[in-house]
Structures are given as C-alpha cells and as structure tokens.
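The chain that follows stands alone, in the form predicted on its own, written as structure tokens.
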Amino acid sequence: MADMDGILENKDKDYGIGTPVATNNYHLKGLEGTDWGIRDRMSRIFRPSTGKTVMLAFDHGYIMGPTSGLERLDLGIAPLIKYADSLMCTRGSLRSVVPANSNKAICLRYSAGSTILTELNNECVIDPIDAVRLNASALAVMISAGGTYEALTIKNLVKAADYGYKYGIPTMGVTAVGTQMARDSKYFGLASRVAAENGANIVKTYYCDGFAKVVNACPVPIVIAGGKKLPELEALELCYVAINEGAAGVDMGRNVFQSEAPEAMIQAVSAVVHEGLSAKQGYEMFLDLK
C-alpha cells in the first residue's frame, strides 16, 4: 500500500509529457521519411556534432587500375583511414586493406562494369547481400545524366535504392561528367535532383559556379567530389567555399593521397570542414603538420 501511496502522491508531477525530446543534435535534410537503419547509417557517415563528413575516396582502381598514389593500397591508404569520417571504396579494397576494427562508415562502390579502356558507365550493381555482409553504410552508384548509358545507370540507382530501403542502407547517387557535358549549375542541378528523385539519400557531385542553387534544389545532402589533383591551397579553398555554400561534406581522393603530405592534408581538410577553418588557416595547418 505504501508503494501505491507513493505513486498517488506523484500523480500530479510534471514528467515532461508533451515536451519533444531531441533524438540527435544535427540536421540532415531528407531523412524525415526514412527508417531507423538509414538514419543510423547516415549518422555514421556524417558527424552528429557538425552534420558534415570527410570521405576518403580510393575507389578509382575499379575503372583505372593502379592509378598514381594507389599503386600500393596498404601504403598509400592504410595510414589515412583514421583521419576520415567515412571511406568510399570497392569491396575488394575494403576486404584487402581496411582493418575490420577501424570503425569507419563505408560508402561502398556498388556499381561496376566498364573501364577507361572502353566507354565508361556501362555498369551493373553488385549483390545486395554482400553489401549487408560488409556492413556498408551507403551504396554508391554512378548515374550518367545525358550520357549514352543514362537509362541504365538510373535503373541501377533505382535498384540500389530499392535494396537500400529493404535493408536500411542509404544510397549515394554519384553524378558522372562525360566529355560532352557542361560542368555548370544547370547540369549538376539536374543530375543531383534526378538522383534524389529516384531514391538517393546522398548525392555526390562537383562544385561549380552557382553551387548554392544546386544545393537548394536537391532535397538530400550533397557531398562534393575532389576531382583532379589541385595544389593544396586550392583544394582547401574548394572545400571551404563548397561547405559555406551548403555542401554537407567533401569526398577527397587524389587531393589527399597524391598530396606531398597526405596525412597532413586530410587533417587540414577535416579542420576546414568540421572546425570552420578558412582555406588559409587550413593551409597553415597543413604546412605545420607536414
């Protein structure tokens, strides 16, 4: 009876009923209609404290073979893993060089097919069960808007998104740029929106003039590709302006592993993305660490 009296005594206390409780401390657009598993994996890719990510891309070998800086994955990539928020790689490189205890989000290259020896983007997608087996945090699929294989690549994206929603894994649409395609906000805005409309939870695209328009027209987070190798200061300037115009992160490959000091560079990139350093401050950090 004493216990019941205690309950009755507390019946009028305010237990916060009706007060919303925050379940995370960051916002990523496009997650409202997704399942818990997708939200969980997105929170592994994007730091909850900033809502941003620094991806380390080393999936180049699936079309280019042993490109410069990636001749030895164990030497060129392994020392950099600890500084990245997430890794974009193929299942082959993941199994061969990424320690299982590295505890990094994996953006798995999920489409494959042609190489640089033929026309690119004639691709298929891999077995979804292998992505589950590898505990992938995202399925990265190329789409070639305006290219010869446009329809095929968009079908691949749709298939990946279907698998992703079935298994709770986000899909990342990666916008390809062919030799005949303009690198402008009109093209990237179209390609990014098409990827999102067809089920992508993240879009990886390129920075361009008018980039803020591309971001605003895309209902899911955009991560920029690093693209070709730039001098370190220019690469950090690219990171800075992209983040300040709405990018949710950067996916750096050649601008990190082809740098004269890769470990210093990825730390400088992370400071610009997560700590708000200017490009100049990031470059000074790079020089100090180098």
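Numbers for residues come from their place in the sequence shown, where the first is 1. For clarity, every value in this text was computed on a predicted model and none was experimentally measured.
What comes next is about the form predicted in complex with a small molecule, which does not appear here.
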Assess the spot marked by Arg109, Val174 and Gly226: is the small molecule within 4.5 Å of a heavy atom from every one of these residues in the predicted bound form? yes
Answer key: of Leu236, Ile45, Ala242, Ala57, within 4.5 Å of the small molecule in the predicted bound form (heavy atoms) is Ala57
Residue stretch of 218-226, 46-54, 27-35, 260-268 approaching the small molecule in the predicted bound form, non-hydrogen atom distance within 4.5 Å: 218-226
Answer yes if any heavy atom of Gly253 is within 4.5 Å of a heavy atom of the small molecule in the predicted bound form; otherwise answer no. yes
Taking heavy atoms only, is Met88 within 4.5 angstroms of the small molecule in the predicted bound form? yes
4.5 Å heavy atom contact, Phe211 and the small molecule in the predicted bound form: no
Though only this chain appears here, would Tyr187 touch the small molecule in the predicted bound form if you measure heavy atom gaps against 4.5 Å? no
